[in-house]
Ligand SMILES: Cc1cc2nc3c(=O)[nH]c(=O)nc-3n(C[C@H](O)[C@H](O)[C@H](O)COP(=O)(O)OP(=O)(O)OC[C@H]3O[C@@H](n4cnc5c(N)ncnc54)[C@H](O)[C@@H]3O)c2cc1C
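Taking the form predicted on its own, here's one chain by itself in structure tokens.
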């Protein structure tokens, strides 16, 4: 069977690999000049490893990703970096029972209440009870008004903006359920990992055409027995303009936020030991600061220290029209709240965007999700709007690639 795959992110790469292993012929078309999709990277002079354009890691229970890495002979490094929260001008630990028990901005009763609720979410497996419940009212009810107002509401506002009040509790459950103290990272970076998959695909006879944007899906129907589209729903709709209106309305009801990352390259650390800093301060123009070199050793990056300043925003947000210089100027006063002298060691910086990076999970999301099979004969869809209840990530992209192959072969 001849199969065309549009998109060389982890879903497309995994699907291609599994089809080739089963004896089918596969051709991948990717509009960018590198594989890896949202996890693609870059490398500066004197760096040994690639660096992702947006922060990435795995949890230690990300079975699909860890299994594929093992299959390809990729070494996976596991560490326990620190996760903190920035609140009321202070940077505080927020990644363990102990850190919650000593959290100074909640009375002890609220700390216990919050901790027990998080433990409850960790223990239960049936997320369907949360499909029709909004996250913020549920958090306020069970964790208390002070926990809600101090921690969770600012984080939801920073993450989802205008959508904060519409987010389903099932999304929050998945974020708590999946989290592990240890985090994993492929040796060499996600760019090296995705390139290893691409190399295996070529060894098996698969073809990968980079820098090849497909403008219409109809041109493939006569050349390939099956087509797998791994692109976001809005792009899929443009590829097939004659899709049924009801189907288009269904999958168009899923909204997306776009990722924005300012990557700082510094001579000295930005934070002492923190890897992940959630910003629970609504005055900040960004959601998170992630110091990658407090997770992976700076020796792999020429001894430089790397910090992501990240956010998820609607595509029309003014930040996406800015240059990197304008964006740094906008962020600078807030960066100085975290590290007043960071700019003295700033060597270089980059500005990256990731379109359609975060599907917005609202009530009854599962009813909006597309199926693998589309109204177009022999055309299948597999993208990160379809990993519900889990959040976007390479582990689920890999799992999705394997699942769509099962459906195609049926």
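What you see is a predicted model; the values in this text were computed from it and never measured. Residue numbers count along the first chain shown, from 1.
Below: the form predicted in complex with the ligand, not depicted.
Not displayed here, the ligand is approached by residue 397 to within 4.5 Å at the level of heavy atoms in the predicted complex. Though the partner is left out of this view, residue 368 does not reach within 4.5 Å of the ligand in the predicted complex, counting heavy atoms only. Taking the partner from elsewhere, residue 360 is found to have every heavy atom lying beyond 4.5 Å of the ligand in the predicted complex. Of the heavy atoms in residue 325, none are within 4.5 Å of the ligand in the predicted complex. Looking at 210-218, 296-304, 135-143, 94-102, the stretch with residues near the ligand in the predicted complex, meaning non-hydrogen atoms within 4.5 angstroms, turns out to be 210-218. With the partner omitted from this view, the residue of 55, 380, 351, 342 that lies near the ligand in the predicted complex is 55 [heavy atom within 4.5 Å]. Of the candidates 266, 254, 231, 263, 231 is the one whose heavy atoms come within 4.5 Å of the ligand in the predicted complex; the others do not. Of the residues in 1-33, those that come within 4.5 Å of the ligand in the predicted complex through at least one heavy atom are, in sequence order, 7, 8, 9, 10, 11, 12, 29, 30, 31, 32.
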